[in-house]
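The form predicted on its own is given below as one chain in structure tokens.
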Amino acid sequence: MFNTAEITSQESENKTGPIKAVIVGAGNRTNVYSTFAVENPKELQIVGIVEPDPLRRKNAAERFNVPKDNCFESIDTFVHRPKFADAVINGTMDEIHVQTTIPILKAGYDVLLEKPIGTTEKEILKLNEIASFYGRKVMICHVLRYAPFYTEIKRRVLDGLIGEIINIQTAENVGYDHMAVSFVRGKWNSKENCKSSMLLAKCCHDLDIIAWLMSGVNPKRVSSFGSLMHFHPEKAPEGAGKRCLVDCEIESDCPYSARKNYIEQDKWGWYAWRSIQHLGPDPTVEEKIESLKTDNPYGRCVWHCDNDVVDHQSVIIEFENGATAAHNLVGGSAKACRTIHIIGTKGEIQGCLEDGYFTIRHPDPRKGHAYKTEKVYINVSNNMHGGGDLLLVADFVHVMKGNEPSISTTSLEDSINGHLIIFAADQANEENKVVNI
């Protein structure tokens, strides 16, 4: 298992000193990734900001002491400046990932690109072709590969501990509060608006893990079933209003209460208070309540929003070597968690990321026995990606310095299969058929 210190301490023949990077899209994810620069200034420096929102651009510039001349409102103005950094961290919204990354590659920068790569198969393949043509490094923010839980599982699979993989079963149970803030009230609640299905926006991590564990064996065909079953007006409980703090009779007992989630528990503030960021970094409780009562989209009842993405979906995959896999996405669960069960020809691995361990089992035919068991304990971070966020950035810096990539490295060409599975799954679900890849 590697850690940040192990990655960043290695010297490179090709690059000494810190990698200099420009943030494109000063949102939540780039805010997380750029924390690496705060904690490791000798390894990574943020030297430019591209962000159309003037307040976010100003805040990011102040955080990293970026001069005004290196702050840009648009990609066009940025790429017309002579190259002044090594790389770009692109955290724009899903639907513009490819269209913003292409001019960045042409301008000479390598890129750490937030997932998903893009929202269609065609544009992803185009990006891969252009990156290859210009000889640029592109790594995708599939941070789960870097979570120590999954990295250690991958090591065991590579070591042949369970033999050849026969079947992989994964599940992502999206917590009720996350489901509401992102996929019911929030900006990923409609494919028409963000161009991403829920499976693409939320589970490209999980399908990437499946494709990664299969070690380059291509997916062959996919089937899928899912729908918007719960979060629509017909399922609204008696007494539910249109806004939590305006006309709802059940707000005090509702798990989706905007007051409970965003004020009392102080969750998801990056999203919930976006519309009142002009009031400053610390709006008062009174200002938050007034916002939720009026035009704040996060004050809406979860059964009376404009969401149209699925709230649950199941995917079945067959690979070219005959192995199969299944993934279940379920939104609105009490416990947010990711689970995995890999069954091979010599044994199996099973675990839950949030529990902090996985179990390895091998057949044991001795009298009175059924199988041998070993538990592998992992130090699991409290963040939703199991500690993988900054390890991803550390590996990106490591690769940018000319070092060999880790087993987790999410190169563009190695990250495509998981996306192809998702596109096929959504097509299969929408058209009620099995889709060949």
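Residues carry their position along the shown sequence, with the first being 1. From a predicted model like this one, the values you see are computed outputs, not experimental measurements.
Separately, the form predicted in complex with a small molecule exists; it is not shown, and the next lines address it.
Between 208 to 216, 87 to 95, 252 to 260, 225 to 233, the stretch whose residues reach within 4.5 angstroms of the small molecule in the predicted bound form through a non-hydrogen atom is 87 to 95.
In summary, among the residues 26, 397, 37, 391, the only one with a non-hydrogen atom within 4.5 Å of the small molecule in the predicted bound form is 26. Interface residue remark: residue 141 is counted as part of the site for the small molecule in the predicted bound form, having a heavy atom within 4.5 Å. Residue 75 belongs to the set of residues with a heavy atom inside 4.5 Å of the small molecule in the predicted bound form.
Among heavy atoms of residue 134, none comes within 4.5 Å of the small molecule in the predicted bound form. Residue contact check for residue 357: none of its heavy atoms lie within 4.5 Å of the small molecule in the predicted bound form. Not one of 159, 319 and 346 places a heavy atom within 4.5 Å of the small molecule in the predicted bound form.
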